[in-house]
Structure formats: structure tokens, C-alpha cells
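Presented below, as C-alpha cells, is a lone chain in the form predicted on its own.
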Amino acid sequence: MTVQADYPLTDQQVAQYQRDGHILLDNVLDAACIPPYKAAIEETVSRRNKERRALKDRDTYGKAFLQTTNLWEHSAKVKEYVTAKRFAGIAARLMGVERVRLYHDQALFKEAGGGITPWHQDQHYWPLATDKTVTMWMTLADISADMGTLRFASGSHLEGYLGDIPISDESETQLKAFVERQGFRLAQAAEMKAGAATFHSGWTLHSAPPNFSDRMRPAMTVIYYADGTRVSELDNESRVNDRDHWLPGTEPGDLAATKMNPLLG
């Protein structure tokens, strides 16, 4: 089975996303469609991920998850998933844009016993001169909060860029304190069924607790941005690295549209 074309997104859900900077949607991928995509994603992660250190030997970032990027370039089945019109359509509607481009995909597998994902903003890393960015974070198995569902600071996307604070022990300390000072409402799913997904803005502050279970938390993400976006200033090292990986050959002010960023939907 392939991904169905349309998702019944309501005006109320769009308004909720734009107010909170995140939303949880059920059945983004039908349960009957999950097994072949899950198998292809797991096989590609197994083949492409190079982490061989024990959890105890990694830093905080390394303990948070096994991160494998741009799987779509290495598996036809994963490409079918990543470029699905259904997912891109949800992203476009939530952001209020006509069309979206792919920034990149990444599998984020939090191992049994894996550590926290520190508070951070995704768009710290992205050299994209727009507020119209969104990450789809889908679980490929039934999971509960004690496995590491995402925790969001609702409304924090309205603060915009909070500075050069990459994911780290420092971001956990600084941004957790900021969230507490600002009094943002925290939202975290108690459980998610396989095929459910959260969508969150690139500026939305979020984190995740450790995986206290004895099972892997298999999450697959796809990042989208509005078509017509231009490359931003390369004002931190992370954005320089991201430009080189995901927007090759571009300079600040150029259209963010390379062969790595196909138009979707």
C-alpha cells in the first residue's frame, strides 16, 4: 500500500497549529501502510548510521537518539514516504502556503535507555530566511511518554530566533530556564499510535525525556519550507554546515531550491 493523497485537516486544527506552533495529528499514515515503510527506514538506518559507541560513552547529544539523515536518497521506498503528497499537503496547509519544498529527512531512533533530547529550536540549524518551516515527526510504532514523546512550549514559536544555542547541555539549561520564565504551557502526548505525527514550527521550543522503556522509539521526520524561500545569512557554524549539506552551491539571498530540495505536492 502507498500513502493516501489527502488528509482531512480542519480549519480549527490549522488555527491551533498557528497559535501553538505545534499540533498532534492521528492517522497521518494509515496503520496498514506502515510495515513496508518502517522496514525500509529501519534497513536504511542500519546501513547508513555509523554510531558504534555504547550509550555510556556518548555525550548528551549522542545519547538522545541515533540520527540518520537524507534516507530518501538511499532507498526508493523511503523516497516514496518522504515525498508523499499527503504529508506535504498537511505541511502546506498548516503554514498557509501554496507549495512546499523538502529541506531534509532524518530518522531519530531513541534507543532503550537513551537520554534526554535537550530543549532547542530546530531552525537554529537552518539557513532559511522564512518563518514558514515545519517538521513532521512521526512514530513508526505505538509509543508512550516514557519512551520520549516530544514536549512542546506552546506559543514559543512567536519569539522567533533565540540565538546561537545548538542542542547541548547548555541549551537544556538556558532554554529550560527561558521556558519557565516565560510561563509557556507545556504539551506532551501521553501516547501516540503508529502513524500519528506531530508537526511543529522551526522556531517552536521542544525537548523529549529519556526512553525509560526496553524498546526502541522509532521516529521518522521530514522537514518542509515554503517554496520561494531564500537562503539566510550564514550567521552561525551550524547554518554554514547545513547550507553545505542541504543547499549546496547557494549563497545568502539565493533561492533555496537545489536538486536536494524537490518541490512536493
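Start at 1 and count along the sequence shown; that's the residue number. Keep in mind it's a predicted model, so treat the numbers as computed, not measured.
Beyond what is shown, the protein has a form predicted in complex with a small molecule; the following relates to that form.
Check your understanding: If we take heavy atoms and a 4.5 Å cut-off, which stretch out of 157-165, 79-87, 175-183, 116-124 is in contact with the small molecule in the model of the complex?
Key -> Result of the contact check: 116-124.
Check your understanding: Here the chain is shown alone; which of 65, 225, 37, 199 has a heavy atom within 4.5 Å of the small molecule in the model of the complex?
Key -> By the 4.5 Å criterion, the partner-contacting residue is 65.
Check your understanding: Which one, 108, 143, 92, 71, lies within 4.5 Å of the small molecule in the model of the complex by heavy atoms?
Key -> Selected option: 108.
**Study point:** Contact test in the model of the complex: residue 217 vs the small molecule, heavy atoms, 4.5 Å
**Key:** Residue 217 belongs to the contact set for the small molecule.
Check your understanding: Does the small molecule get within 4.5 angstroms of any non-hydrogen atom of residue 171 in the model of the complex?
Key -> Contact check for residue 171: no, nothing within 4.5 Å of the small molecule in the model of the complex.
**Study point:** Contact test in the model of the complex: residue 150 vs the small molecule, heavy atoms, 4.5 Å
**Key:** Yes, residue 150 sits close enough to the small molecule in the model of the complex that at least one of its heavy atoms falls within 4.5 Å.
**Study point:** Heavy atom of residue 135 within 4.5 Å of the small molecule in the model of the complex
**Key:** Residue 135: contacts the small molecule in the model of the complex.
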